[in-house]
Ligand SMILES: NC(=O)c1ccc[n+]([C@@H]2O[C@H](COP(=O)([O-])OP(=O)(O)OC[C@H]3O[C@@H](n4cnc5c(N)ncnc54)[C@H](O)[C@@H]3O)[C@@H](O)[C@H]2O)c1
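Shown below, as structure tokens, is a lone chain in the form predicted alone; questions about how it binds or moves come after it.
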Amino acid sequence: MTLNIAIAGTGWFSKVHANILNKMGGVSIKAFVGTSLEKAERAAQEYSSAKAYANFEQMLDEVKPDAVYICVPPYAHGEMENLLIERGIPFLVEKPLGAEMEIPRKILNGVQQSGLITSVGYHFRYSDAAVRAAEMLQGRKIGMALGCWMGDMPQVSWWRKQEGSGGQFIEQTTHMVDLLRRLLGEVDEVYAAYAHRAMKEMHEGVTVHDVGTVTMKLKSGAVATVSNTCILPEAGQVGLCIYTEQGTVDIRADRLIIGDRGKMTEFRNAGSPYERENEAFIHAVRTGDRSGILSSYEDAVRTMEVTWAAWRSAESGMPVKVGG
């Protein structure tokens, strides 16, 4: 059985997924949907089976896809997910789920009522480093964690606007928050401090903060701090380091570093987390077996609740309960 797949969005991540899907047996990319037909045609031209659309609902009517990949900016979520829920079409959606919480909460309600198969693009969960870290942490007493996402400002206009991206902590650093939840458990309360330091003077129309630090209390009793900046001239450090009574478990994008009484051991990622993420979703669509999906929509909403609470804390200057 060949699964017919449609992709909404024409940016970098849509191509990442399309290239992986294109190599899979029994999968056919049937459509790209863009904000303009021209953009969709440019994306579709590399895949012989794909047709271009500028209207999402028209694509659903004509293609009748078995599953849809949603790779659009945070502000563009809502209508597409609701149409897929109405039609019972499984979807994989890239993070974050929105620029604020109202739309994701409404979508979650529909997903839960329909029982729809969903997956969210938290690819760090599928990395060798994260999987091995989870194994290493078994039996250890976790005290705290320090995470970061330090880099430059993405060169797209919507990212620079708070209402477009939700800000760096919601749009990028969410990966570290999600990894924190995956390995340390749920977050109970956050306190955040954000600031504007340079980007408003360097680029036109910037309303997102360019530095920020978020301190978290976890339900387990552990504590964590995750910081970010988009002030640098180029990509910098990304990772999450966990501190235990037996040493450190340091997760990077491409490796895991274990610190044990002064001895450092490094494990490089062997497989592609993007490929594993796609394989798990396609397997679920084909068979109904969701066990390989490591981030469902419901789980991803809990990560979004943390990053949204951080935004509210930074705005109010007060600690905020997650989900409150």
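Predicted model, so just to flag it, every value in this text is computed and none were measured. Start at 1 with the first residue shown and count on from there.
Heads up, the form predicted together with the ligand isn't pictured, but that's what we're talking about next.
| Even though the ligand is not shown here, does it sit in the predicted complex so that V33, A76 and H175 each have a heavy atom within 4.5 Å? | Yes, because V33, A76 and H175 each have a heavy atom that approaches the ligand to within 4.5 Å in the predicted complex.
| message | Taking 4.5 angstroms as the heavy atom distance cut-off, pick the stretch from 183-191, 202-210, 135-143, 118-126 that is near the ligand in the predicted complex. | response | Checking each option against the 4.5 Å cut-off leaves 118-126.
| Does at least one non-hydrogen atom of V156 fall within 4.5 angstroms of the ligand in the predicted complex? | Judged by the heavy-atom cut-off of 4.5 Å, V156 is in contact with the ligand in the predicted complex.
| task | Answer for K39 alone: is it within 4.5 Å of the ligand in the predicted complex, judged on heavy atom distances? | result | K39 belongs to the contact set for the ligand.
| task | Indicate whether the ligand has at least one heavy atom within 4.5 Å of a heavy atom of K95 in the predicted complex. | result | K95: yes, in contact with the ligand in the predicted complex.
| said: Please tell me whether any heavy atom belonging to V111 falls inside 4.5 Å of a heavy atom of the ligand, as the geometry stands in the predicted complex. | reply: Contact with the ligand, no.
| message | If the cut-off is 4.5 angstroms on heavy atoms, which of these, I231, I107, M80, L218, is the one near the ligand in the predicted complex? | response | Contact check passes for M80.
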